[in-house]
Every structure is written in C-alpha cells, then in structure tokens.
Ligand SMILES: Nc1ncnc2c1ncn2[C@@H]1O[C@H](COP(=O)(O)OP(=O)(O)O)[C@@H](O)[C@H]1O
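Here you get one chain, nothing else, as structure tokens; it is the form predicted alone.
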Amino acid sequence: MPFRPEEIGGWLARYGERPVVATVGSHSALDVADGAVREGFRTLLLCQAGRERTYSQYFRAHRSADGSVERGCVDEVRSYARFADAFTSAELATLRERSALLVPNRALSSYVPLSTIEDELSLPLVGSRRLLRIEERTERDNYYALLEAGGLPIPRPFPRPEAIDGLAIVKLPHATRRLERGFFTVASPAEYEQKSRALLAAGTIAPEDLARARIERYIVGPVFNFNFFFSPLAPRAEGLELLGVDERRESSLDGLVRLPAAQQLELPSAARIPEYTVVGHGTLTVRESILEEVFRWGEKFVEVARAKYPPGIIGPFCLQTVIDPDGHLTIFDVAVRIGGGTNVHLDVGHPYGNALWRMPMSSGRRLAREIRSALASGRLAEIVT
C-alpha cells in the first residue's frame, strides 16, 4: 500500500501523548533507546532473528510497578527473518497500533530499499525520509552534490583513474559485506590498476562497484565526525546545536598503523592493503579556535538541505570531516540521521551537548527530548515525515 503523507496527521492523533520510540536494532539503537527511556518513553526495537539477544536479553528494560526503569532500556523486541520483513503492510499496521514513531538509522536505509522507505513505509518517521537517499554515492543527487550546492568544502574528485596525480582514495562498497567499505588508496594510475586487480581477485570489491566508484583527493589529517542536531521547533538562531564529536575505529586499517613500517612490509602482499570496516568509535573534542568554522559549515548545510529537500534537516545529522594542518575542515561524508558513533556518549552525554543543556545530553536523549517538546506544544507533525 503506497505511503501517503497526508495520513500522518491521523496516525499522530490516534497516538495520543504516549508514543513508543522505535528503531531498527543495529547501528545506534542503544543510544536511541537509552535516550528515549531517560525522557519517559517506552521503546521498541525491530531486530533480525539471530541478532536480537543484545537487546531482548542483555539490555532488556526492567520496570518497577510505577513504570520507572530500574535496569536496561529496551521494552519490546520484534524479530523478523530479515529486517525488511518489519515493513510489510501487516507489520506496519501493528506498529501503528503500538503508536510507534520510527527513528531512522543507517541500518534502516541499508537493509530496506530506499524506494520502500520513501513510498511504502506507512509509519511516522522522526526526521526527513526524502533526505536519506543522498547518502548513496551512486545517486546523481547525492551528498556531494548537496555540499557543492551549499558551497561547503569537499575533497577534489578525479573523474577517471587516468587523472590521478597524487594520493587519492577510491570509495566503493565491500563486495560481500555491503554495509562496509571496499575503500583503497592509490597515488598513480598504475597503482590504481595494481591494487584494484588484487582486490578484485581477493573478492574484496566487485567489478560493477569499481566502475561506479568515486575517486577523490586523500587529505592527510585527523578525522572528526561532528554530531549536530537541528530543531525546527526552536527559533532559527538557536536551532543548530553541536552535541559532540567522535572518530572511527576501522579494521584492518587501525591494526596496520600500529605496526612499524618494517613489520608492515613483512606481511603478505594482500594483507598490506588495509580494509576500512568500521568496528567501533571513540570520543573527541576539537580545538576551540576551529569551532567557528564547524558551526559555519553546519549552518550552511542546514540551509542548503532545506532549500533543496524541504523541510530539510530534522533532528540529528553528522558531518564527517578531516582537518588539515592549517586547521580547516573538508567534509568527506554526511549522515542525515543519527550517526554511527553516538553510542560513545551513552549515559555520560556529548561534551558540547552537556555544556549547552547543563545535563548529560546524548544524541538519543536530545532526539527524545525533541519528541517530548513537540508533544507538549502540539507540534509533533513538524518533526515527522
């Protein structure tokens, strides 16, 4: 059954004052669930069978007689053979009966076709469902196009392998683990040919993905993922918030860089090409003289997203950047929903979010607080699509 935006108002009216915060059980689900519980909501996670025990057993919510949570943060788990099975017409009807507000994460847009999310997912989604498509690099109107339209700094692209004239990174998905990266670095057309042949032979990348890969200048510098929040409920001058910063831990890249160069050269040739599979995150802060630029790019991104994809950003988003030796940011990736690294701030909150809100404020809690504020002011329809 096609999704019709005009139906949302009717669903929300039936939800009343006690909606349930739901999300796909992967990626940043614990941050979403913990934040929702802290703001007085019940939680529901949509899990794939065989991957649900983290939530149904180890983080299951134990509530006292008065409903307060004594342990855990996950009230209900619904399991499916595949994640996509959570979004059949019958299941969506059940979720609406449970008054579910769906918080999108990367798992949702990875396991469920974007066309399904946009046109068939008959459930209120906290955020902008039409923006999720720009995260796909293979889309013509992807986040690179949006960043360029807004005048934000991105790495210089190479239109074809023959144009490579310095250190570059080739961006494409892993051949078998589609959520992961098959990235590799090269410094010349000849190295591109050599490494791509080796990775194709190893089954790390696929020919069709290589043909559509993005090649861009590799910028040497530390990586900072800036976790923002934009509230359409606040006055515009107060709408943008920087909550915190994280960094990725990638395998096998992080293991390789721990080895001295001589030991790296002793590895088999195939093992010398690092993989960029994200396996965890760490927390960071940034030098305060850089914050002016951080906020400037955050504001520009909010404005261009609103102009190109109204209503634009709703809630959390992440600009993934590298900072060069002069302290300037280049944006190489974007998340237009809750980021993958926000779990590092569970319970303790984000450093900058804490300073702003004068209490522990994680991305999950900030999102739940926005829902609570929208309910109290009768503006819930403004933060869902």
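The first residue of the sequence shown is number 1, and the count goes up from there. If you're wondering where the values come from, they're calculated on a predicted model, not measured in any experiment.
The next section is about a form of this same protein that is not shown, the form predicted in complex with this ligand.
- Site residues Arg217, Glu250 and Asp333 are all in contact with this ligand in the predicted complex, judged by any heavy atom within 4.5 Å.
- Figure note: of the listed segments 307 to 315, 90 to 98, 233 to 241, 181 to 189, the one touching this ligand in the predicted complex, with heavy atoms no more than 4.5 Å away, is 181 to 189.
- This ligand is not shown here, but in the predicted complex it comes within 4.5 Å of a heavy atom of Tyr143.
- Within this chain, His281 is remote from the site of this ligand in the predicted complex, having no heavy atom within 4.5 Å.
- For Ile273, no non-hydrogen atom is located within 4.5 Å of this ligand in the predicted complex, even though that partner is not displayed.
- For Ile169, a non-hydrogen atom is located within 4.5 Å of this ligand in the predicted complex, even though that partner is not displayed.
- Interface residue among Arg78, Lys300, Arg137, Arg130, judged by heavy atoms within 4.5 Å of this ligand in the predicted complex: Arg137.
- Of the candidates Gly72, Pro113, Pro155, Pro161, Pro155 is the one whose heavy atoms come within 4.5 Å of this ligand in the predicted complex; the others do not.
- Contact residues in stretch 310 to 328 (any heavy atom within 4.5 Å of this ligand, taken in the predicted complex) are Gln320, Val322.
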